[in-house]
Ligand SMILES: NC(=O)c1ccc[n+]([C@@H]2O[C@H](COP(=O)([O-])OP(=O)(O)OC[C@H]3O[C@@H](n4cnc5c(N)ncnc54)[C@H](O)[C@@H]3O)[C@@H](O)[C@H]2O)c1
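One chain comes next, on its own, written as structure tokens: the form predicted alone.
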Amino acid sequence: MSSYAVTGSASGIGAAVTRRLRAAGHAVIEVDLHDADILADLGTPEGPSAAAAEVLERSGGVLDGAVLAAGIGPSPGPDRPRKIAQINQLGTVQLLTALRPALAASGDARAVVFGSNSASVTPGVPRRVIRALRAGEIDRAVRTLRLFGPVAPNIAYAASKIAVTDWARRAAVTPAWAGAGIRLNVLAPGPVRTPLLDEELANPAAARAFRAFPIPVGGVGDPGHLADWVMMMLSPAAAFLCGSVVVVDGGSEAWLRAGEWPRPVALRQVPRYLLRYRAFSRSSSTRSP
């Protein structure tokens, strides 16, 4: 039996993952605003650290995996952009970073961060917002987001998913994560029938935009299907999966950005690649076996 922490466990994909893990005989530490083992609000400055402390206590300081599924969508509201940034990006990064020692203690752990295909299909996301979120400067990000008026929550959502995906990919390949036996990856769903999507579609304008959005396979995703992907990413089959973004969105991202990947490395980029490789080689050689 292995031990896992799951945020956003009370509904949607997080609840489906929790059911899958328990059905497989694993111990699950649930984290959510309600109906969970640990009640915590990742949208507050103290929420992530409080949740991490309780998870570490309940797990005895050893975790075999963590699934960061908690998040909120781009519903209207004056303070929504701030909450989106705090929960989807900053709170997720803070909580998972605090859990890293417990994952490392396992020696062979998995961590799945929830991104979104919004990170690559939403146009017009300002780089300065992403830079501010990467730096943990939510006030600076919100000041720019306010300029977008009623679409600010949508821009904030995409920016939060870009920033959390960027963090996960950069962290995943470092000695502190990959070198400690932790396989950190991102699952990027498209629209999935969850309370979060229902809340968003309650807005008539959002519902109209959603109906016009291309989903080549038709319909929306099912939480159980996404939970199956999470289970794979937590399994021994993911031993060679590191820093990857797995897009499960019915083909939308491929339809909209068919020519964006793969792209060859330009010659001008080779020096930067060599420097990164040498830095990684040096850090790897200094690790204790």
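Each residue number is its position in the shown sequence, starting from 1. Nothing here was measured: the structure is a model prediction, and the numbers come from that model.
As for the form predicted in complex with the ligand, it is not shown, yet the points below apply to it.
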Can you tell me if L256 lies within 4.5 angstroms of the ligand in the model of the complex, counting non-hydrogen atoms only?
no
At 4.5 Å between heavy atoms, is P153 in contact with the ligand in the model of the complex?
no
Does any part of G179 reach within 4.5 Å of the ligand in the model of the complex? Heavy atoms only, please.
no
In the model of the complex, does R110 have a heavy atom within 4.5 Å of the ligand?
no
Since exactly one of L196, I138, A171, A206 fits, which has a heavy atom within 4.5 Å of the ligand in the model of the complex?
L196
Within 4.5 Å of the ligand in the model of the complex, heavy atoms considered, which of D37, D228, D41, E54?
D41
If you check in the model of the complex, do D32, I87 and P191 all have a non-hydrogen atom within 4.5 Å of the ligand?
yes
Would you point out which of 5 to 13, 21 to 29, 274 to 282, 261 to 269 contains residues with a non-hydrogen atom within 4.5 Å of the ligand in the model of the complex?
5 to 13
Taking the ligand in the model of the complex and a 4.5 Å non-hydrogen atom cutoff, the residues of 59 to 80 making contact are A69, A70, G71, I72
